[in-house]
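Single chain ahead, by itself, as structure tokens, in the form predicted on its own.
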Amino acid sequence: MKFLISLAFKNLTRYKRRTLITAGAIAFGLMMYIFIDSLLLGLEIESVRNLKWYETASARVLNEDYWENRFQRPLDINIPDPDSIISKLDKNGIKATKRIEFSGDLILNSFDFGEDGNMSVIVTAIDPKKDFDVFNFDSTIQQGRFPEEDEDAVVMGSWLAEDIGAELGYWITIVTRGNGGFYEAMDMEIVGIVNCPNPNVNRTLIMMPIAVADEYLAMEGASTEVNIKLPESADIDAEVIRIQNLLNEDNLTVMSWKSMAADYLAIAEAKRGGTSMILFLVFLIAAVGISNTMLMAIFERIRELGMMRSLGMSDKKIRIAFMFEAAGIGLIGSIMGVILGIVINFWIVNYGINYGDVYRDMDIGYRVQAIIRGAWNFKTMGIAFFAGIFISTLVAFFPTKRALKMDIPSCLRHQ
């Protein structure tokens, strides 16, 4: 066996150009596999983070009848005393904030916007004292500021403001139905524009103080939801059960971000299947390239193979020697591929790729606004490393077996 390994090593050094070309093909395929996997994993991780930071929080307390009617955003199906819930959660070290979410019509006046118009919108009323403890909007203000507690003012998502031509100091009117069914018109000044990493928020966000919404909508201190922030390492399902038991109120339900984002997760799962196919195709292309190069390398050496057989070397030992040689090429290619993968991964993780122009005009489902960053996945690197060696060794078996079916004179005459 030692002789066969030594022979394989000598052949690797003797055919340096062929070894480097074949190893380079392996390295490129593995590098692309690592790169694409990193990019897709980074998309998923950042999407989930932005979903929790700007849309769902970690968990949410709702009236048990609210969720099935959530698309109507009913104000009468509410939490009557959200402050007591927040106080109870706070005593147990859990950060929480109340919100009111309602739908309405946004009326644009010609004095500020150049022409009259209207559009359907969803408005979120927040508690300026508590909201930033749960959501991460405090660092997203692009222009202006957030409104004061009792100020008739709103902040808008940057893409929404751009679409309607809104600027700081412009006035809008929001027409909606209050708690009880009456119609209410609210005149609001735009005092801030928000630009956050979540494209869904940038497209739709209109945010106002909850005290102002409470007065206009006759909520009498009630809210439609209480949002909760949990540590990233927390077991969400276990924490939801714990909070549900802690509140111990029959008319309230606690939902995790996974339950609220079930549609997104279903889409993400479907895309994961599609991306797995892409990764498989990338790997298949790499395998075909390796196979083709190994086939050429072996068939170019049929005369050498015939010489070895004529000197009394058994077919089994010849096959093993060629497979050791292929494994050596695979090892070199795998090392190069993983190193190149780490280098390109370092760049994609730290700097990313800017797809802002693409995301601005279409929704691809992921909660990433512009820059796509990768993520480190050492499991994928390990799979790529060993797969490169395995594929190289495997593809050497079949052409060697075929070549060994030729008789010795035919091998020696082979051109």
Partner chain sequence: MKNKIITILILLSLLIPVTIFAITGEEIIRKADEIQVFETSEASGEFRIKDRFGEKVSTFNSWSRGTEESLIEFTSRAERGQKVLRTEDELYLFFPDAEELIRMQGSMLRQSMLGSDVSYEDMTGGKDRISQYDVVLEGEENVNGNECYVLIMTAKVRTVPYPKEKVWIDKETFLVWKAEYFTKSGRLLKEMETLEVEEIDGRMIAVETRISDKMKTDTETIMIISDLKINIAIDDEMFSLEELSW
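Being a predicted model, the structure only gives us computed values, none of them experimental. Positions refer to the first chain, counted from 1.
Quick note: we don't show the form predicted in complex with its partner chain, though the next part is all about it.
- In summary, among the residues G117, G114, P80, G169, the only one with a non-hydrogen atom within 4.5 Å of its partner chain in the predicted bound form is G117.
- A heavy atom within 4.5 Å of its partner chain in the predicted bound form is found for one listed residue only; from V343, A234, A218, L246, this is A218.
- Exactly one of the stretches 332 to 340, 131 to 139, 117 to 125, 247 to 255 approaches its partner chain in the predicted bound form with heavy atoms within 4.5 Å, and it is 117 to 125.
- Contact between I107 and its partner chain in the predicted bound form is found at the 4.5 Å heavy atom cutoff.
- When contacts are judged by a 4.5 Å heavy atom cut-off, K229 does not count as touching its partner chain in the predicted bound form.
- Proximity of K95 to its partner chain in the predicted bound form: non-hydrogen atoms within 4.5 Å are absent; the residue sits far from the partner.
- Although the partner is absent here, D187 sits close enough that one of its heavy atoms falls within 4.5 Å of its partner chain in the predicted bound form.
- The putative spot formed by K52, Y54 and N195 is not touched by its partner chain in the predicted bound form; no residue has a non-hydrogen atom within 4.5 angstroms of it.
- In the predicted bound form, the residues of 150 to 185 lying within 4.5 Å of its partner chain by at least one heavy atom are, in order, T173, V175, R177, N179, G180, G181, F182, Y183, E184, A185.
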